[in-house]
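What follows are structure tokens for two forms of the same protein chain, given separately as structure 1 and structure 2.
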Structure 1
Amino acid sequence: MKTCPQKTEVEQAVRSGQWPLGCAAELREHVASCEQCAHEARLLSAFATTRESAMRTAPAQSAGLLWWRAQLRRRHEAMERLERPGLAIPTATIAASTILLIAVLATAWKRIDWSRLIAACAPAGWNVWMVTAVAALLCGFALVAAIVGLPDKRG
């Protein structure tokens, strides 16, 4: 459907409150004969009167009270932000301590004389590989024992 060229004029008349008595007689005659403009005038008038009557029922609220409620909320939110520890600080702390720990372990590892340690602690005739295999076995066993022995938290 083509838009009637006078629709905008009708819209303006209703929106400015001139419709129907305050506008030109020609416009009223046109609306009486044009279905599209008649609907537009009816629709916009319905919204305008509904808006007017709804505005008359607006509750009495205190702007000052709203202002103070907003101030209180801003302060409350600012306090919450201060009390809540930011995520950035713990993350940085954990990263720094991990790097430090690795550095310390690496230095200590290099300083250990493994062949003398094995000769002192392991039974005679054992080499590095045998000690490593036994150590790995013991670690595996400890891990399995830890998992099996864990208390069941679901219960």
Structure 2
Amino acid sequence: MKTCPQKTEVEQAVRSGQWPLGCAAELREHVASCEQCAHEARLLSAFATTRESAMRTAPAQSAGLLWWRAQLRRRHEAMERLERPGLAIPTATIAASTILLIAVLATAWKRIDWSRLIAACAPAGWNVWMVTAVAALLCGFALVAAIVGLPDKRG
């Protein structure tokens, strides 16, 4: 079913409050002959009447009450921001742990016999590369867990 080309004119007339008395006689004649436009005019007129009656019966609120609600909402939002964990603490913890690990490794790098240490930590039959791969895998899991545990900034 095709829409009528004068449907927008009918909509504008009803929404502007000019229907039926304030619009052109040709438009009223068209609405009388076009079923689509007549339906549209009835529907929009009913909506406009309902809206006007709702606006008349709605109590007007005082400016003081509106200001008080806005202040209450602002304070509530500020408290929510304070209660959310920040990003600074987990970031600082990860950074400090990384710096500490680098400092310990840099200090002990030349003093430790790495092959003997890895051989002592490795179960029987594992070679150095297997132990290194497992250690790297565990470090990767720890890094992912730390990143996933960080709070979301969008929240």
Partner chain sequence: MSWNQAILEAQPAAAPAVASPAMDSAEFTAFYERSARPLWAYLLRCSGDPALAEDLMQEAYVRFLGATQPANADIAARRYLFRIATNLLRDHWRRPKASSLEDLPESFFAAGTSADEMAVQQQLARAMGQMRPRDRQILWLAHAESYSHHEIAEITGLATASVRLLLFRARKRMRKLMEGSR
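Keep in mind that this is a model prediction, so the values were computed, not measured. Just so we're on the same page, residue numbers count up from 1 along structure 1's sequence. Rigid core: the largest C-alpha set superposing within 1.5 Å between the two forms.
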Of these two forms of the chain, identify the one that is the form predicted alone.
2
Determine whether the C-alpha of A63 shifts by 2 Å or more between structure 1 and structure 2 once the rigid core is superposed.
yes
Once the core is aligned, does L105 move its Cα by at least 2 Å between structure 1 and structure 2?
yes
After the core is matched up, is the C-alpha of A142 off by 2 Å or more between structure 1 and structure 2?
yes
Can you give me the Cα shift for L72 between structure 1 and structure 2? Core-superposed, in angstrom, one decimal please.
3.4
Please give the CA displacement of A96 between structure 1 and structure 2, in Å, after core superposition.
8.0
